[in-house]
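Shown below, as structure tokens, is a lone chain in the form predicted on its own; questions about how it binds or moves come after it.
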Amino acid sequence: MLKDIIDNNENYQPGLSIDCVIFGFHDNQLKVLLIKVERANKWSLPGGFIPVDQDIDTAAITVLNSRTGVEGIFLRQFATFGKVNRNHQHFDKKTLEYLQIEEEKGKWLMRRFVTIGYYALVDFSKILPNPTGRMEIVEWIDHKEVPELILDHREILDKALDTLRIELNLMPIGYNLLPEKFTIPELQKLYETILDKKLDRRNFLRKITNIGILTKLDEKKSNVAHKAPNLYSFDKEKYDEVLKNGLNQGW
């Protein structure tokens, strides 16, 4: 795929790229979707180049859809990364040979690239990681166990997580990360995992209830050892309204 882009690089915006931090929640872990090319030592975030006839947001959605196979995902631009030497010598002669890219055409890759960071929140259960080629590995990895990443991708990931933590005070989350039906302890665990701190159970219940985005269902969670907790769902209309108008509270 990269070779095809290089062979047709006139169709892409020079010096500008996109990197997506895709978060999912599973087994009480906040996971990140990462990519590694076979025989490479480092992993990377999903990303891509921007077609000259596409808006930047549209290009980001294209990257996200190609990796997850799901549309309508929460996606937000959060920062731009443009250090002078951020991709210096990343594509050397040996790498170009491995990728079967001619050295002259590979010069397009060797120029300085500024990248625009996006983060996405997805329902882990609905995502099937999608390699774009036979030499590519795509995996979910716990955000606390992320291995060494290429370029400045660790900085991009850390900035995305910091942004998500700040925005927890400004908007609701959960609709894109949790299954359709969930318990209050599961929702609280999601917030605790992202914030990396314990929250008081009563205070959390009061605050999340006051936002007005939950619907208590006439169902209880099955297959639990102790007293079955009630199940809830998000009121999508109210959720979208709060998402639009914002919140002003801490956790």
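None of these values were measured; they are calculated from a predicted model. Residue indices: 1-based, along the sequence shown.
The same protein also has a form predicted together with another copy of the chain, omitted here; what follows describes it.
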Can Tyr12 be called a contact residue for another copy of the chain in the predicted complex at 4.5 Å between heavy atoms? yes
Does Lys181 reach another copy of the chain in the predicted complex, with heavy atoms at most 4.5 Å apart? no
Taking the shortest heavy atom distance, is Trp140 within 4.5 Å of another copy of the chain in the predicted complex? no
Could you confirm whether Arg112 comes within 4.5 Å of another copy of the chain in the predicted complex, counting heavy atoms only? yes
Counting only non-hydrogen atoms, the one stretch of 214-222, 49-57, 34-42, 62-70 within 4.5 angstroms of another copy of the chain in the predicted complex is 49-57
Decide if the three candidate residues Ile6, Leu161 and Leu190 all line another copy of the chain in the predicted complex, where lining means a heavy atom within 4.5 Å. no
Stretch 162-196 - residues with a heavy atom within 4.5 Å of another copy of the chain in the predicted complex: Ile166, Leu168, Asn169, Leu170, Tyr191, Leu195
